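Take a look at this single chain in structure tokens; it is the form predicted alone.
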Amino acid sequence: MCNRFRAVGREELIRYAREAFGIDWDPERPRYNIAPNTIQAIFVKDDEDKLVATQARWNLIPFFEKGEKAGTSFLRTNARSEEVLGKPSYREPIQKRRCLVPADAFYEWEHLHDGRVKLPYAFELNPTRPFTFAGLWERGNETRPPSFTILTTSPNELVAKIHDRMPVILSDENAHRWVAAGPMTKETLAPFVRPFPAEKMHCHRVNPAINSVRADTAEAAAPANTDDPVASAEQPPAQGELF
């Protein structure tokens, strides 16, 4: 799945939003380690069918969940693309509220020593540049902000070395089509959720400090010292981390 991603190239992201989508977006700061339940920018269509940037929490809360505990019983940061047309949480958003999630990398972990050691990898486009994930969003109300989830699919050859799923990355052309109004069926969904081509991506190990959801710094996201591939990550993750 995709439970962490990155959006750090501020000038590149601003330029990308403007040139690819006509959106005037000014990210507040670089985000090196975006984690579930944090507030993040997404691109959505407004009432005039224009793409705009808005803020939403990364953990979709369906409209039918009410009360203060809504969204706490189940984490919906990812939605399996094979299930979005049928699952109650996603049936309406996939038809009416598709969104784009801007990023410039996502993280996955290689598990060693029976899962006691986790080696984080950053997956980027080749060459590194901003892109968008395919997402679904839900409106907020008086007690909670809008929320969103990222679709996942089967992995390409690069990601498959580390994980059995990957987020749905959209080409710029498909990104415009993804948010265009109109019904979504099994046949029309299929072209969007194919794994992004492995030859257009690369990956590298990053500092194990990124394992902590609190480590949202350039140092934590820096490339790892791979001279000794596990020495810097021999200690099991500290207790209390989400991932």
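We number the residues from 1 along the sequence you see. Predicted model, so just to flag it, every value in this text is computed and none were measured.
Heads up, the form predicted together with the DNA isn't pictured, but that's what we're talking about next.
Q: Check each of T217, N174, T54, S212 and return the one that places a heavy atom within 4.5 angstroms of the DNA in the predicted bound form.
A: Checked against the cut-off, the match is S212.
Q. Contact between P36 and the DNA in the predicted bound form at 4.5 Å, heavy atoms?
A. Contact check for P36: yes, within 4.5 Å of the DNA in the predicted bound form.
Q. With the cut-off set at 4.5 Å between non-hydrogen atoms, does D114 touch the DNA in the predicted bound form?
A. Judged by the heavy-atom cut-off of 4.5 Å, D114 is in contact with the DNA in the predicted bound form.
Q.
Residue-level contact is defined here as any heavy atom of the residue lying within 4.5 Å of the DNA in the predicted bound form; does R97 satisfy this criterion?
A. R97: no, not in contact with the DNA in the predicted bound form.
Q. Does any heavy atom of R6 come within 4.5 Å of a heavy atom of the DNA in the predicted bound form?
A. Heavy-atom contact with the DNA at 4.5 Å: absent for R6.
Q.
I need the one stretch from 139-147, 164-172, 126-134, 97-105 whose residues put non-hydrogen atoms within 4.5 angstroms of the DNA in the predicted bound form.
A. Comparing against the DNA in the predicted bound form, the contact stretch is 164-172.
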